[in-house]
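Consider the single chain below, provided in structure tokens and representing the form predicted on its own.
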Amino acid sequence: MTAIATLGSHCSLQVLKGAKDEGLKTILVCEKKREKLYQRFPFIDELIIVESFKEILDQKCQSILEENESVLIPHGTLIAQMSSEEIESIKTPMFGNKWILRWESDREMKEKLMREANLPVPKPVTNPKDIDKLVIVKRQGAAGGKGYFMAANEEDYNAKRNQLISEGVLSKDETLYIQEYAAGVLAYLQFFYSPLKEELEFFGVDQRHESDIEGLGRIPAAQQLKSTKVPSFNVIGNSPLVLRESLLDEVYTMGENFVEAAKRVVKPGMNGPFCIEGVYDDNAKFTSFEFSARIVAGSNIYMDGSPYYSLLFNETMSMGKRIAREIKTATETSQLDKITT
């Protein structure tokens, strides 16, 4: 029987609980420093203890996963801690499309795929000299918002970049991505595409809580002006959001467009969970500034199922359980190659 494996971070508890609910064996690649935490949860069958997550590339770790006929579930920690080349070299079958993770990690490739999907994206700024309105400056890959900053002009950009370098948050040779800042209500749209059913499912919406940009809102303006600290967008947690029903048709259209674009651009396409991330403005117009081509941590708020999944399933269905259900179905019908890479 197929086992479900993942790295001990991000959304591993949800993933493995969902796998256990589906009757599958669960394996956690766990850093030694977090062993005590994960030993608390009885639905984790086996811990592979490592000093660093990069040990998943070692033959010893790969052999254990292979013996258990494991399917590896990728999430943000995998992308944050490994290069695209390292991820693509993992021999354990990976749920979804491991090749699309390269497109998520590279800002220019990410923008190209979003444009291919006709998603409304903020204008990129290729040179700091061209900053003439408020922009947000981002790092490559899945950094969880740490090191992101806003800038109003070139001088502001250079001052904040240099300060973050001096604080050790950024490195001198780091390539940063600049795009116009899109203001509005944050909405992170979570989807699941099943290649077995050739069907798109809308899972739910979350908002991210970022420190210390959110904390600034509780500080009087006079004190804010005296501060020299560059605010961070480090994601601390997530909360649920339910959209106006009139917006759902466009939500499904964006999801379907993204799936179709991924099929054209990076085969076998966008299989499994993904997220289109953006804001709604005062006219309820959506602008998308990111996508995540795998399960997002915001799905952790729906471990007992989301409002939208209660419309599709007459049972409790987390994203972790939905992934496990897809793997279980594919295994039973000899279609595992259709949902893994």
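Note that residue numbering follows the sequence shown and begins at 1. Here the structure is a predicted model, which means the values were calculated and not measured.
Absent from the display: the form predicted in complex with a small molecule. The rest refers to it.
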Mind telling me which stretch in 31-39, 285-293, 62-70, 44-52 gets its heavy atoms within 4.5 Å of the small molecule in the predicted complex? 285-293
None of 260, 180, 156, 111 but one has a heavy atom within 4.5 Å of the small molecule in the predicted complex; the exception is 180
The small molecule in the predicted complex has a heavy atom of only one listed residue within 4.5 Å, and of 122, 128, 231, 195 that residue is 122
Do residue 161 and the small molecule share at least one heavy atom pair within 4.5 Å in the predicted complex? no
I'd like to know whether residue 80 contacts the small molecule in the predicted complex, with contact meaning heavy atoms within 4.5 angstroms. no
With the partner left out here, check for me: in the predicted complex, does some heavy atom of residue 103 sit within 4.5 Å of the small molecule? no
Taking the shortest heavy atom distance, is residue 186 within 4.5 Å of the small molecule in the predicted complex? yes
